[in-house]
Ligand SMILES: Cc1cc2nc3c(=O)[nH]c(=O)nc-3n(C[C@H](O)[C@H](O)[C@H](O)COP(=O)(O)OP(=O)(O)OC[C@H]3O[C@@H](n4cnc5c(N)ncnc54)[C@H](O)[C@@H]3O)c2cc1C
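One chain follows as structure tokens, the form predicted on its own.
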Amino acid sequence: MTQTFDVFIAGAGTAGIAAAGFAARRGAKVLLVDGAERIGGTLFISGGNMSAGGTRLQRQRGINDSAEDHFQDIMRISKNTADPAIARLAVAHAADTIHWLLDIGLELLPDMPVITYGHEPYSVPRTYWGPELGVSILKTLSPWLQQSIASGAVDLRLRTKLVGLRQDRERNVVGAVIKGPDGVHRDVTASNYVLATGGYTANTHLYPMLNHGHPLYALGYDHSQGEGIVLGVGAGGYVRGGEMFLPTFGGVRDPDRPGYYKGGCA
């Protein structure tokens, strides 16, 4: 039997959790699926660094900053190679995002914001993170999402993968096929479909296909297999930004996992 929802979301990481929670709070009936056994995605391995100009924390410390200053710093650091439309969209919402996370319980280290040196430094302190890095964000988002799960607005299914998209003759997506832990394929229909499955840093076959043949020595999340990318392209979408490929991390080759590094950076 086909199940029907207002919104279907594949991927319960940072983007999928937020999309599900906000859609539910706007009255939608949401199905959220993830192939892992827990929500969070790459937040388990992320440094959780967030940058925003014009926050109340900056004002409290007498730091003069704005979204426009943030944008100009991005373009300076990237030597004008960043996509200006995406950069402007990100910085326009960055301060509000920090404020929202703080309002729902995010704990930051007491000296935030700071200047970080993971890349050429910003001109002013505008980077934030919590004591448990990415997990600090997850510990904030998890109870927030749980409220919508408890109300019945979000149906969360873990160890469940998106394995196919159904399309009509005009190639509009009209359904999704999911496979749960029991191995059974089930049909789902929704008014809206969101692919929030993340990247592909654990897929040794897909990685070179999207990165000019470069081999993968993965440091990423094991569930970052790129299923959403493959299905999205198969449904008529496309991948953009490959010309921006910039490998900056390395580590020690893992003899037990061909194609992987154990970790570290260079």
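Every value quoted in this text rests on a predicted model; they were computed, and no experiment measured them. Start at 1 with the first residue shown and count on from there.
Omitted from view is the form predicted in complex with the ligand, to which the following refers.
Listed stretches are 180-188, 98-106, 83-91, 159-167; the contact stretch with the ligand in the predicted complex is 159-167, by a heavy atom cutoff of 4.5 Å. Interface membership of Ala12, defined by any non-hydrogen atom within 4.5 Å of the ligand in the predicted complex, is confirmed.
Within this chain, Asn203 is remote from the site of the ligand in the predicted complex, having no heavy atom within 4.5 Å.
Remark: Asp65 does not count among the residues lining the ligand in the predicted complex, judged by a heavy atom distance of 4.5 Å or less. In the predicted complex, at least one heavy atom of Gly41 sits within 4.5 Å of the ligand.
Residue in contact with the ligand in the predicted complex (any heavy atom within 4.5 Å), chosen from Gly213, Gly241, Gly27, Gly47: Gly47. Contacts with the ligand in the predicted complex, taken as any heavy atom within 4.5 Å, map within 221-235 to Tyr221, His223, Ser224, Glu227.
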